[in-house]
Every structure is written in C-alpha cells, then in structure tokens.
Ligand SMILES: Cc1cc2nc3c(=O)[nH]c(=O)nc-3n(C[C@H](O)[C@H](O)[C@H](O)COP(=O)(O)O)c2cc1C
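What follows is a single chain, given as structure tokens, in the form predicted alone.
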Amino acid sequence: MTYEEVIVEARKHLGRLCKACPVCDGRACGNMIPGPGSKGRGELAVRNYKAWQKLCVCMDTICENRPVDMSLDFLGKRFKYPIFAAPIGAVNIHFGDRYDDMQYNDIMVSACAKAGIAAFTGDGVLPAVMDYATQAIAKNGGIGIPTIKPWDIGTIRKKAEFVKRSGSFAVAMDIDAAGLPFLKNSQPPAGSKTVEELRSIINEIGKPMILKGIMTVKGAEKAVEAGASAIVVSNHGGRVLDQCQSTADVLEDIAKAVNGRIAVLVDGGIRSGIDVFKALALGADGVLICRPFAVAAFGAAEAGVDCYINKLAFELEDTMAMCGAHSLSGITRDMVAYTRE
C-alpha cells in the first residue's frame, strides 16, 4: 500500500471537516474548529507549512559513500528515526467517528512502537481517555509519551497515577492547550502554570517532562528553570492563538538559547522527510507530526501509520545522503538555506 492509497482510503472514513488533502497544508480546513483547522482567521497552520517550504536543502555528494544512520537517542531511549506522532484529543470530533480517543491512541502507540519510534498520546476530560492511552503504552513496553493537559493540580495528580502505571519513559504537558476553544471554561478547569507550579508537578510525577507549546526564547528559559527535560517548539498547529509566528521562524533562536541543556523538538507544518531534515538543520533534535498521522490511521489503521513512517524515513534518508550527512549529528546549519524566490 502506498501513502497515496492510504489517503484515498482515509477519505471514506474521515468526517466532513478533514479533507485528507494530498499535501496537508492547512488551506482546505481553514478556521474549522471543531475540525483540524486553525483558530481565528485560520491562517497559522498554512503559515507553519509555508515557512518550511521557504527553506531549501543544499546538495553535496562529494563525500564518503556509506549508509545513513537516522537513529536518535532521546531521554534515555534510542529510536530508529527522529520522528514522533503528536498527540490528538477528541479525535472523533475533529476527524470523524471511525475511532474514539481510546481506539486511536491504541492504534498509534502500537504502530509507532513497532516502527521504532514513539507516539505522544492525547488527553481528555473523561478519565477513561488517559486510562486507555496509558494502558496502550504499558502494552508496548512503556514506548509512548502520555500528554497531560494543564488542568488544575488535583486533576493533574489523578492523571499522573495513570502515567506512573504505564511505565512510560517520559511524560508531556501541552501547556498551551488552555487556549483550545473547547477547553475554555471547562470542567475540570485548565489554565496556564507558573515556573514554580511546573517544577512541583515535574518533581511529583518523577519522570522526564516534555513541555509542549514553547514559542519564545523566554518561554524556553522558563522551561529549563522549571526542570523540564525537553521542550516542543509548537503553536499547537495554530489551534490556540491566531496570528502567531510559525514554528520554523522561531526554532533556530530557541535552539541556540537552549544550547543543549535540554532536548528540543518541534512541530507545525512538517509533512515530509525533507522537512524533518530542515528542522534538524535549524537545531531541533527531533520532530512531532500530527494531522498526517491521523489521516494515515483513518485510512488503514496500523498499516497506514506504518506506511507514512516508511515514507518519512525514505525521504529523510535520501536527503541526508544527498547532502553529505551520514548521521543526525552530521546535519548542520549550512545544509539548508532560505530561497531567494
């Protein structure tokens, strides 16, 4: 099965809001929330995608001819590729009723673990969402990253009990999720957290914490201060605040400021293995991808996810070889350049 065939099959099972576009660039879904679109004017998902396309890769094949190693060491685990599936919550509302959150997380965690990478799992108002997500992670030897939304402290503690039972190697919090329209004034309540609150949460959970939703150097410094082990440079796919910068535009400054003190991941508009290469050249250690993974799952469950992962890996391997990088550490800033068009 090709990824093109997966997309065709996905259109039979997705709801009316996601169009399973050949290239998921945010244009067709616009500001549709619920749905996979962006908040407000609906332009930020498009901006995320376009920003990566402004970067070109710099070909150089006068180099040693040897195999490419795409493996990533991340928070004490080795992964086959520097690619992670991003978390999705309320998948049935945004993408269609073929799966609920529990079924979707089960498919994604298993498929990613078998392919040698890891999935971040989503969270929800219902405790069962975190319960089933962490059960899926436990079934796959702890290879998965449960993502807790920035609920009130009491709710976070309850979610943390599921996380601890999962055996997961890390935990995440999408700290910008309080800006999601359907979490406004929700029960349980969700909201921003101070450095001190985050430090307390990290210490209490006792696992490496990944803070997702960092868009400034200042925010990255506060994540380091709070004791995070990694950050995700992310504007939540444009779903939490309109008219933000793209992640590609802020990544390099944030990575330079962090300077290796903690790991840096990035998401937002990354759609191909070539885009993954560009992100690594700008200083990321790895990437998260969201919407295309959802389309792959709706198209052919685990087989669709595996197909998409293989596509990304082939594109990344080819780009690395053609630019003279034989390992992730060999990808350097001079291997990408901004187009003059």
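One-based numbering along the sequence shown. Predicted, not measured: the structure shown is a model, and the values here were computed from it.
Keep in mind that the form predicted in complex with the ligand is missing from the display, and what follows is about it.
Not one of P82, V264 and K278 comes within 4.5 Å of the ligand in the predicted complex, counting any heavy atom.
Residue R271 is the only one of K193, R271, R98, K207 with a heavy atom lying within 4.5 Å of the ligand in the predicted complex.
Checked against the ligand in the predicted complex, the residues V305, A284, L316, I289 give one hit for a heavy atom within 4.5 Å, which is I289. The stretch in contact with the ligand in the predicted complex, judged by heavy atoms within 4.5 Å, is 228-236, chosen from 228-236, 107-115, 131-139, 214-222.
Although the partner is absent from this view, G299 stays clear of the ligand in the predicted complex, with no non-hydrogen atom inside 4.5 angstroms. The ligand is not shown here, and in the predicted complex it never comes within 4.5 Å of any heavy atom of I145. Although the partner is absent from this view, A86 contacts the ligand in the predicted complex, with a non-hydrogen atom inside 4.5 angstroms. Although the partner is absent here, K159 is not a contact residue: none of its heavy atoms lies within 4.5 angstroms of the ligand in the predicted complex.
Residues G122, D123 are the ones in 121-140 with at least one heavy atom within 4.5 Å of the ligand in the predicted complex, listed in sequence order.
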